[in-house]
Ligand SMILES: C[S@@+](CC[C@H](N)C(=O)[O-])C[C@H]1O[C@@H](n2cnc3c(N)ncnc32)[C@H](O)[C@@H]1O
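Encoded as structure tokens, the following chain is the form predicted on its own, with no partner shown.
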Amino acid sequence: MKNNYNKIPEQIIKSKRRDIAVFSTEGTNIDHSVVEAFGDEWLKFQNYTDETIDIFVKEYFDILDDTMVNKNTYAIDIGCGTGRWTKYLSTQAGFIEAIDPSNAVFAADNLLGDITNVRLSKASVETIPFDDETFDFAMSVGVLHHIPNTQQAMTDCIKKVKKGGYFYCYLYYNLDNRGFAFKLLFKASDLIRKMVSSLPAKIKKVICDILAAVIYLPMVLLVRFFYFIGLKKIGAKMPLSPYKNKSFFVLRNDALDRFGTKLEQRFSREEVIEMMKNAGLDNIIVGHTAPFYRAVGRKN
């Protein structure tokens, strides 16, 4: 099922488990400082356990079914990061191409271990090394909102999907379903993000670990308390409630993910649907629970 590349790799790197083809990541729709920062992040937070991945899978992929992904599916994970989503997909699909423009591909190589139905390549959204209309299923989870032109990036991804195939993505929401107080709190946190993300990498990592300990953890413990005493409705409305079942490792990772990047864009539910339609999808399904917004559509 594995296809040949439609481009010649610049080099082949022999990693611990597999060879990784490296392609150019040059283009107009990429911020290389953001890519480098995420490469550093995923090399730091690469040790995801199967138990942690399973928790995420139940939250992120509940809108998929076996008509979209099955053992006959040739799939691609665009912006694979640590490879945690690829690892899940490897149990559902026939074969997966996993690409990332950063050094996260080496973290993915470690996490994926001896899994044989995955090939890793270093490439960007603009330099995906496969022909258009190659894949039955493509996904990009938590990636496109970190690219300067999200609509163009989504269009470039969907070009690689066959007609009748599916594209799944997760994009940050713009709090369109939240109240005034929640949005005000977010604006304050966004000011912190803009300051922290401009710091040198080593200092930024330390600051984000501190934020995980003094902001994330106390808030998550409070959410857990409300759930424990039966006040689930109150707990569910609190900031960071989706982290109630997450480990401190995940809190540290997501603190760096949230506060460590200088480029993030956020979208309403309607904007996500409109971008997917503009890129050639129909039959769009958007999840109605956190995390917001995860969506899947069929290429027409």
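Note that the structure is predicted; figures quoted are calculated from it, not measured. All residue numbers are counted from 1 along the displayed sequence.
Omitted from view is the form predicted in complex with this ligand, to which the following refers.
The putative spot formed by 81, 84 and 143 is fully lined by this ligand in the predicted complex; each residue has a non-hydrogen atom within 4.5 angstroms of it. Residue in contact with this ligand in the predicted complex (any heavy atom within 4.5 Å), chosen from 57, 250, 64, 30: 30.
Interface membership of residue 121, defined by any non-hydrogen atom within 4.5 Å of this ligand in the predicted complex, is ruled out. This ligand in the predicted complex is not approached by residue 259, whose heavy atoms all lie more than 4.5 angstroms from it. The closest heavy atom approach of residue 53 to this ligand in the predicted complex falls outside 4.5 Å. This ligand is not drawn, but in the predicted complex it has a heavy atom within 4.5 Å of residue 102.
For this ligand in the predicted complex, the listed stretch (187 to 195, 73 to 81, 88 to 96, 215 to 223) containing residues with heavy atoms inside 4.5 Å is 73 to 81. Heavy atoms closer than or equal to 4.5 Å to this ligand in the predicted complex belong, across 8 to 47, to the residues 29, 30, 35, 38, 42, ordered by sequence position.
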